[in-house]
Structures are given as C-alpha cells and as structure tokens.
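Single chain ahead, written as structure tokens, the form predicted on its own.
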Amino acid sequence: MQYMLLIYADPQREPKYGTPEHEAMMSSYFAANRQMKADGVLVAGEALKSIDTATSLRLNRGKVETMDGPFAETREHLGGYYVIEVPDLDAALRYAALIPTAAYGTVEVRPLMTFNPAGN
C-alpha cells in the first residue's frame, strides 16, 4: 500500500538556515532518504517552495477564483512530502518517525487511493 507522508512545520520553530541545527536537520533528512531508498520503500519525495509562491484555486458558481498563498490559515505550512510503499500503517509510521520535522512539526500519514485515470 502506498502512503503519503505530508510534512508540516511552523517556520518560527524550524532551525534557521546556516546554523549548526539546520545542518543537523538536513543530515537527518539525508539519512532518512538513504534508509527509505535502501529499504526499497521510497516512491517519491520532494520539498516544496515557500508558501509565498503558492496559488490556491477554487470554483465559485462556475467561475475560477485564484488566491495567492495557501488556503488554510494555520501556523504550520506544508513543506514537502514523501510517497512510500509499505505493507501497512505501522510500517508507514516507522518511516514517518525518521523525518526530522516530526521533532518540531507534524508528519501526516495518509494512505493513497489508486484510481489510475491514465489507464496504465
């Protein structure tokens, strides 16, 4: 089963770029990446650009409306994700615990639904 690990963090609680704490966090991310690759569970993963680059879209009475930034009002921002393929939720949670942001933010673990609209 595939799970998406959604990484949320409050920018005020993140280690500041260029500090030893930031370097340690990045080393921990690299270690998590290596572990997931070595275990053969990593399907995809990437960081997201900052929220000031986001555009949200909704339809209102058939008209497209766009807004700058994320739609949700929250202190924590979605900063990245992993897609992993593991047998069950317990395994997904073990890999989510490897993500350094879990120490100061939130990692949401959610199973993916497979619709396969491309017909592959």
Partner chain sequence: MMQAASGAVAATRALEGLMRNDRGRLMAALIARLGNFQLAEEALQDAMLSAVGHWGRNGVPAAPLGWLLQTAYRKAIDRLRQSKSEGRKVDALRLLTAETREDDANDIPDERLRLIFTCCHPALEPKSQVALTLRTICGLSTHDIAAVFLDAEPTMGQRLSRARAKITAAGIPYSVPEPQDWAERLQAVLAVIYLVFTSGYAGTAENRKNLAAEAIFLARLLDSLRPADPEIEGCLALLLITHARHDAREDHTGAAVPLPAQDRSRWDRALIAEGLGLLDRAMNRRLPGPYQIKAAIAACHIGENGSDWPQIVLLYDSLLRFEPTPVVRLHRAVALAEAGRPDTALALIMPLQAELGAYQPFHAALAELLARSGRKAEALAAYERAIALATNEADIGFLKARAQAVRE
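The structure displayed is predicted, hence computed values, not measured ones. Numbering follows the first chain given and starts at 1.
There is another form of the same protein, the form predicted together with its partner chain; it is not shown, and what comes next is about it.
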Problem set entry | Residues Y29, E46 and G80 all lining its partner chain in the predicted bound form, heavy atom within 4.5 Å | no
Problem set entry | Partner contact for L89 in the predicted bound form: its partner chain, 4.5 angstroms, heavy atom | yes
Problem set entry | Distance check, I51 to its partner chain in the predicted bound form, heavy atom within 4.5 Å | no
For this session: Answer with yes or no whether P15 is in contact with its partner chain in the predicted bound form, where contact means some heavy atom within 4.5 Å.
Result: no
Exercise. Is P11 one of the residues lying within 4.5 Å of its partner chain in the predicted bound form, judged by heavy atom distances?
Worked result: no
Problem set entry | Sequence-ordered residues of 8-32 touching its partner chain in the predicted bound form, heavy atom within 4.5 Å | none
